[in-house]
Structures are given as structure tokens and as C-alpha cells.
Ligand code: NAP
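Here's a solo chain for you in C-alpha cells, the form predicted alone.
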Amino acid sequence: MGGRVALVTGASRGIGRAIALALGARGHKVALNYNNSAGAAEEAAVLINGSGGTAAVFQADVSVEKEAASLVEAATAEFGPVEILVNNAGITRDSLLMRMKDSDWDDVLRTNLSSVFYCTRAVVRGMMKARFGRIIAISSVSGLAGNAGQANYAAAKAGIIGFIKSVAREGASRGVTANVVAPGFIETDMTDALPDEIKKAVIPAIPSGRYGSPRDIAEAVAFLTSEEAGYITGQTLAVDGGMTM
């Protein structure tokens, strides 16, 4: 199953870290991208390398086109052409629409959506030439159903879905698949910051009756990057305990 070159953006913590570990465990060479959390990214790389895998870390702000392109170049120089891309980097700047600042809108759209465009564009030519590629983008149930206080985040995550469908259509005949994984409420730093009353109020809306774990997302991503998933493209897989069924 392994042996491919994988690049995971926002891989230092939470879902991104779990995805990097899962891909490393499957024998892929993993390029872990981080922006600010160098120590956490290094720790994840140490875990992969220590368990017999191969990993290296790369700093870049993927919301900036030149840095995203340089990231792909650096990963390619280290391991070879990127064959698996997982667009995971993201931020939140939650606020009710009437109070939302222009900067809150711009920052979230640039980090959560434009970064997916920049990184995907940087790898897709090589994937099509090689006639193999796996592109995964992490969206959210907020992008499927919307969420009060997250107009910027929901817009970016919904935009990812339309973007990936377009990429899927362009790459399908050349062995390049593109899919979306839409997590529900997952136990990460982002959800830890929510007030307790909100956390408790969410549980009744989840048929599974619990929050998900980063590993739940990582395993779904790992399957979609595999050889066995070669006939799956343009799809959005909600990993949400049944919230959006």
C-alpha cells in the first residue's frame, strides 16, 4: 500500500497530525507542513521515523501562493514528486455576520480555501503526467449545512467541495482522483476551546452520541489515498457520526 510521496498541510496538530501518522504507518514518505508549530511538527515526524517510516517537516504559510509553491518544490526535492496531497490547513475566526470584520473573512477564505487552490495547482500537472494522483481536501459539516457564527468558515469549506469536484473532472481520465472528507465534531484544539454548554448541546445532534477522534478522519483519508480507492472521485465523505445523514 505504501511507497508514495505524501504532503499534508497543517500537519503539526489535531487532524493533520493524525493523517500524517496514518500515512506514515502505511509506508508513505510524508512531508509534514506547518506554519507556526515547529516543535509539534517535529514530534510527529519523530514518531513516524521512529516507527520505521520516513518523514520530514517543512515550514510554509500555504495561504501565500509563493510559499505554497515553494513547499511543493521543497517536498519534491526531498522525496520526489508529490503523489498524495492532503489539504488540511485551516483556521477559524468565528463571529456573527453583523459583527464579522473584513479581516476575519479574508483570513479564513485565504487560509482555508485559497491554500487548497495554491497547493493543488502546484502538484496536479505532475500527477497528470505520471497518471497517478490522490488529492484530498478537508472540509467540514459546516460547509454542508452552514453554522451560525461561521459564515466565513462555512463559505470556505463549501467552496472546497465545488473546487474539488472540478479538479476531479479534470483529472479523472489521467488517474488523478480528488475527494473531500467533511469532519463533524472532532476532539481537537478547536473544539476544546468551545464553551462547555455548547459541547453538551451538540451531543444530542450526533446519532452516534459522541465526538469523533482525529483518527476517525485519518483512516477515511488513508483509504481515499489508496490504490483501492482509484474508482472514487469527486465525492464528499462526511465523517460525522451521522449528523448530516
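Fair warning: this is a prediction, and the values are worked out from it, not measured in the lab. Start at 1 with the first residue shown and count on from there.
The protein also exists as the form predicted together with the ligand; that form is not presented, and the subsequent description refers to it.
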Just to confirm, residue 134 within 4.5 Å of the ligand in the predicted complex by heavy atoms? no
I'd like to know if residue 89 sits close to the ligand in the predicted complex, meaning any non-hydrogen atom pair within 4.5 angstroms. yes
Can you tell me whether residue 47 touches the ligand? I mean in the predicted complex, with a 4.5 angstroms heavy atom cut-off. no
Within a 4.5 Å heavy atom cut-off, is residue 56 in contact with the ligand in the predicted complex? no
Any idea which of 47-55, 60-68, 172-180, 198-206 reaches within 4.5 Å of the ligand in the predicted complex, heavy atoms considered? 60-68
Could you list which residues of 160-190 come within 4.5 Å of the ligand in the predicted complex, counting heavy atoms only? 183, 184, 185, 186, 188, 189, 190
